[in-house]
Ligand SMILES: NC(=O)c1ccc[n+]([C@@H]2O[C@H](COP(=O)([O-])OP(=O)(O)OC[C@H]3O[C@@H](n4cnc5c(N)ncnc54)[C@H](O)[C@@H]3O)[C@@H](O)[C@H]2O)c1
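Shown below, as structure tokens, is a lone chain in the form predicted alone; questions about how it binds or moves come after it.
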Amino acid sequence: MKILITGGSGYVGSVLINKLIKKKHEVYNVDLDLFGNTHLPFKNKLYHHINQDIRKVSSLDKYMKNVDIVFHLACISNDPTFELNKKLSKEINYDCFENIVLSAKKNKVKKFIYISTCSVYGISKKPKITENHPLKPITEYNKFKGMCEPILLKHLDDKFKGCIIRPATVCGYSTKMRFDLTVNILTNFAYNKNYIKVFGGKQLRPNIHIDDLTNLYVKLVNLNFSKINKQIFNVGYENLSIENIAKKVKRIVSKYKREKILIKFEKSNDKRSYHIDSSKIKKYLNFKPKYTVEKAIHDLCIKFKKGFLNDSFENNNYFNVKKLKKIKFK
């Protein structure tokens, strides 16, 4: 297959690219590389790097030719990063989306997979949120991610198929690491500072290991989309409170460090809280995650111990907000 990924240089995309190449797929990665690109497989002949702004769809159009599948990962991700530059974020996350979809359709791309987010649900006390739950975004990031979904669905048909994935909060190690995601943040603090800051703690969060999520994407490549065309899928595994995650981190990290790890609770204005139900994707695709939050914590501890992540607080590439504050956009 020839596969085009927007935003492939990021946290999830980097892992996905390597897995696709191992399966002998040809990968075209469209990314501005704001967080660097030295972690990407440039030496592999199956990998093609396109340093391109997705807002310039006319330039992107030529790369859609002869492509079988598009994974649309590119976005200004998470709420704090979006708020840094609302105009820019809207342009990237929403304004250019329909043109990218139309470009793929015009060039006879067979499948278009849009990566949305479970945070479109906002706040809900419902114990198990299915894909039919009303979208109640409480931030601009959530709102625009959700608004792209009906745009894609409108253009899908029998020849141009696609689906929408709403992942939970991702955790675990990537060659393009992020330490601004819940499990990763807490593990970084516990391992390197011997304490954990918990803001609030009662908020409920669904989680997904990065290897489970990328394994799902690889599975979608060869899947017959006849049964899942125009479908939306939650993808999560463990629904845990932030406090519960912190306790898991404390227990596991203390075994690696052989030191006492403190948990410091602080007040928070973060009201996002939701538990998702991922039974639909198991029913349709027979997909069930294999890995846990605990495995993600262990994976990170091992990388820390081996010296892979020595600058985990100083390197701005690990933090979306820190990095984007230093970049001047046109």
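Quick caveat: nothing in here was measured; it's all calculated off a predicted structure. Residue numbers run from 1 along the displayed sequence.
What comes next is about the form predicted in complex with the named molecule, which does not appear here.
- The named molecule in the predicted complex comes within 4.5 Å of no heavy atom belonging to Leu46.
- Contact between Ala74 and the named molecule in the predicted complex is found at the 4.5 Å heavy atom cutoff.
- Although the partner is absent from this view, Thr292 stays clear of the named molecule in the predicted complex, with no non-hydrogen atom inside 4.5 angstroms.
- When contacts are judged by a 4.5 Å heavy atom cut-off, Lys145 counts as touching the named molecule in the predicted complex.
- When the named molecule is considered in the predicted complex, only one residue from Leu152, Leu186, Val253, Ile115 comes within 4.5 Å through any heavy atom, namely Ile115.
- Leu181 is the sole member of Leu216, Leu181, Ile228, Leu156 with a non-hydrogen atom lying within 4.5 angstroms of the named molecule in the predicted complex.
- Proximity of Ile164, Gly236 and Asp277 to the named molecule in the predicted complex is absent: no residue of the three has a non-hydrogen atom within 4.5 angstroms.
- Only one of 261-269, 49-57, 292-300, 63-71 places residue heavy atoms within 4.5 angstroms of the named molecule in the predicted complex, namely 49-57.
- Shown here without the named molecule, the chain has Gly7, Ser9, Gly10, Tyr11, Val12, Gly13, Val30, Asp31, Leu32, Asp33, Leu34, Phe35 in 4-36 lying with a heavy atom within 4.5 Å of that partner in the predicted complex.
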